[in-house]
Each structure stands twice: as structure tokens, then as C-alpha cells.
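A single chain comes next, written as C-alpha cells; it is the form predicted on its own.
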Amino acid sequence: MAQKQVIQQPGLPLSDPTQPSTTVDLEIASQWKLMWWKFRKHKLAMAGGIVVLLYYFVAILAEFFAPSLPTTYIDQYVFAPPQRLQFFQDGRFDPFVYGYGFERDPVSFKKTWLVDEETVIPVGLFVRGDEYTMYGLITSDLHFIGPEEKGQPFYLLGSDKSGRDIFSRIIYSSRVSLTVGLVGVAISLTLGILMGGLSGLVGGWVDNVIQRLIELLMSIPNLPIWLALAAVVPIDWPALRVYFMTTLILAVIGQYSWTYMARVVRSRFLSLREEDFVLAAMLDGCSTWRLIFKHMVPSFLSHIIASVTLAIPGMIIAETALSFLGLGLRPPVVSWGVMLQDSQKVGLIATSPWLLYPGLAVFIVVLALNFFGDGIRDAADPYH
């Protein structure tokens, strides 16, 4: 009786029981399992995925993870520098931060911050602080980290021009900036599949009209049209309406708008519409919408997922840039771009460089999303 030949994937140890070890494993494995086997070999993509999941997890529970509310301020600690978190005191684990002291120049009256080592502020986990209501459902004052005594200064990343905690505001900002990417990509994905599917499947004059519309939108410079649309948005609009308007602008005319996805979908539909399973569905009386969303789109769903993961960081950067220029979200909305508005003055950055920390948060999440998307894109073709 012939023995079954063992085929080992290149670069994988023979002793790893989680890897496919036989031709049967490779033949019966689903596409998603093959994608997972290939994706987890991409170490940077795995690390990026963990960072992205951590960002979104913290954003979902922003009220709990932030030491204070984004509006809480202590006016005597305006532009206070970051406090260094100390973990050990008198040879035992007892987290704390030192208090602040300052002195003024007798001529210019400029304030210079000092570390007051005589003032010790105990820091704890799961402490009581500012009261909040999460999603309008859960009211609590429990915070993951913060000073054990409410009202004490606790600025791990420094404070802003109003004495508000930058670390807490970055956490709250992540909820807005990260969801702009998700909502914007969801809108552009829906429009792209719809318009690209019609263009590639129906063809004829429908294809010509949609393609000319795409070319028209792609030929418009982004910045001037953003300026024009931002000028149209009334200044007295509520924050939620401005949020959705900004997201809609990015989804319709941004660099990663629906036009890019529509062209990708059209090219795939042009190659798929001659396939046997598509012709069989047509002969069976399948409607156009069912043919697109039930039969054709799932056949290249992995490619769509890869495109989405690479488009989200573009949306995040676009929203940050718009808000930084004052064209997108505006205070009292808290986003990374709105926070970076305080860093537009070079002299202020020279004395308070910690105002740039929201930009570091953008850099980390965009880099992680690009690594994650790159791994998804490579894994989308598991047979390669």
C-alpha cells in the first residue's frame, strides 16, 4: 500500500503541528485557512495587527482608559511638561509621579517648570476619578489608571494651553479619528462595489457614464474642493453632523474614495462575467444585484479586504490633515487633527514639544495599519 507523501511548506519547521503537513491538508483547506497560514508567517503584519486591535480596543473603552475627561482642566498647570511615572518607592513596587514646582524669571516673568521631589503623588490602577457616561448607558467614575487622590496633577504626556491632560485627550481622539477611517472606507466600499459592479457587469453606455464620472472626480484637485466644501459647512452645525460631512467628503472625493475601489471591482467583473458560474446564475434568472453581491463579490473578497486595510490609514491621515488645517472637525470635537492645531506655532513647539504627541499616535497606527494591510494583501493569494 502506497504511503501518503508528506509535503512541508518552505520555511516552516517539520515539528509544528499547526501547519499543513500533507497534500490532503492543502487540498481540503478553505481559502480563509490558507490565508491565515500565510498571514501569520508575516511577523510585521502580525505585530501591526496586534497594535491596531489594541488601538481600537482602547478607543471603544476610551472613558475607562483615559485618566480624566477631555474637558477636565487645572488652570495652574497650563503647558505643564510630562511627568515621569516611577514604579518603585522605598524598595517596593508603588507607582507614583512627582509633583510640579516652578520659578519665574524676574525680568521676563517666564515660567520654568521644575520637578518637586518632595511632593509624591501615588498612582494606582482602577482608581476613582471623573464621572462619565459611556455610550449613554453606563455611568461610572472608574478609570484604568490615574492618581489615587482625585484632583492631583497627572500628566503622563504633559498638558495643553488650558491645562488639560494630553494623554486623556489622545485616547478620546482615537475614537473619532479611527472611526472616520472605518466609516469612510465603508461608504467608499459600498459605492465602489455598486458602481464598479454595474460598470463591469452591464457595460455599454452605463459603463461609459460611470467611467467618465470617475475620471471627472479623479481629475479634481483635492485641496481646492476641500476648501470649497469646508466653506459651505455652516459654523453652527452640531459636531456629529460635521463629523459625518467630513467622512462623506473623504469617501466621495478623497484620495482613497469610491473611485479607486470602483475601478478595481470593474476590472475584476470584466474578467469574471465570462466565467461558467456567472453564466449559470444568469441563465437561472438571478437578478443583477444578487449576481453582484451573492456570486461575484465573494469570489474576490480577500482582495477587497486587502484594499480596505490599506485605505483606512489614508482616510485617517486625510482627516488629520483636514482638521489640522481647520477644514474638517472643529473644537469641541476632539480628534488627533484638532489637537495638532495647537502645534501650528513654531515658538510654542520650541517650548512645549509634547504638543506633537498626537502626531506620534497617528504615525504609529498608520504604520501598523500599513504593515497589517501588506500582510493581508500577500495572504490574499495563498497559492502564490
Partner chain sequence: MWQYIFRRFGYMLFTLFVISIISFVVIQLPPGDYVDTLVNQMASESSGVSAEVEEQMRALYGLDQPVYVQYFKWVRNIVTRGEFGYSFVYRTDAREIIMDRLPMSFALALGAFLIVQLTSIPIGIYSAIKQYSIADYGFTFLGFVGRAIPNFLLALVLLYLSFRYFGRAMVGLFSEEFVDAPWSIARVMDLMRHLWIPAIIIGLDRGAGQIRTMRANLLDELNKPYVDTARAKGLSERRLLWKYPVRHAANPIISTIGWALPEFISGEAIVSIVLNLPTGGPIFLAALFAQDMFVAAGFILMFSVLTVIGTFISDVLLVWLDPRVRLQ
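Positions refer to the first chain, counted from 1. Basically, rigid core = biggest C-alpha set you can superpose within 1.5 Å across the two forms. Small disclaimer: the values here were computed from a predicted structure and weren't measured.
Omitted from view is the form predicted together with its partner chain, to which the following refers.
Partner-contacting position among 52, 340, 62, 334 - heavy atom within 4.5 Å of its partner chain in the predicted bound form:
Looking at 52, 340, 62, 334 one by one, just 340 meets the 4.5 Å heavy-atom criterion.
Tell me, which of 220, 186, 125, 239 has a heavy atom within 4.5 angstroms of its partner chain in the predicted bound form?
Going through each option in turn, the one that passes is 220.
Go through 212 to 220, 129 to 137, 88 to 96, 68 to 76 and give me the stretch that gets within 4.5 Å of its partner chain in the predicted bound form, heavy atoms only.
That would be 212 to 220.
If you check in the predicted bound form, is residue 325 within 4.5 Å of its partner chain, heavy atoms only?
The answer is yes: residue 325 has a heavy atom within 4.5 Å of its partner chain.
Even though its partner chain is not shown here, does residue 228 get within 4.5 Å of it in the predicted bound form, heavy atoms only?
Contact check for residue 228: yes, within 4.5 Å of its partner chain in the predicted bound form.
Does any part of residue 310 reach within 4.5 Å of its partner chain in the predicted bound form? Heavy atoms only, please.
Judged by the heavy-atom cut-off of 4.5 Å, residue 310 is in contact with its partner chain in the predicted bound form.
Does residue 376 reach its partner chain in the predicted bound form if we count a contact as any heavy atom within 4.5 Å?
No, residue 376 is distant from the partner.
Three-residue site 57, 81 and 142 fully in contact with its partner chain in the predicted bound form at 4.5 Å by heavy atom:
No, none of the three is in contact.
Partner contacts in the predicted bound form for 348 to 362 (non-hydrogen atom within 4.5 angstroms of its partner chain):
If the 4.5 Å heavy-atom criterion is applied to its partner chain in the predicted bound form, 348 to 362 yields 349, 350, 353, 356, 359, 362.
Kindly check if the Cα atom of residue 205 is displaced 2 angstroms or more between the shown form and the other one relative to the superposed rigid core.
For residue 205, whose C-alpha is compared between the shown form and the other one after core superposition, the shift is 2 Å or more.
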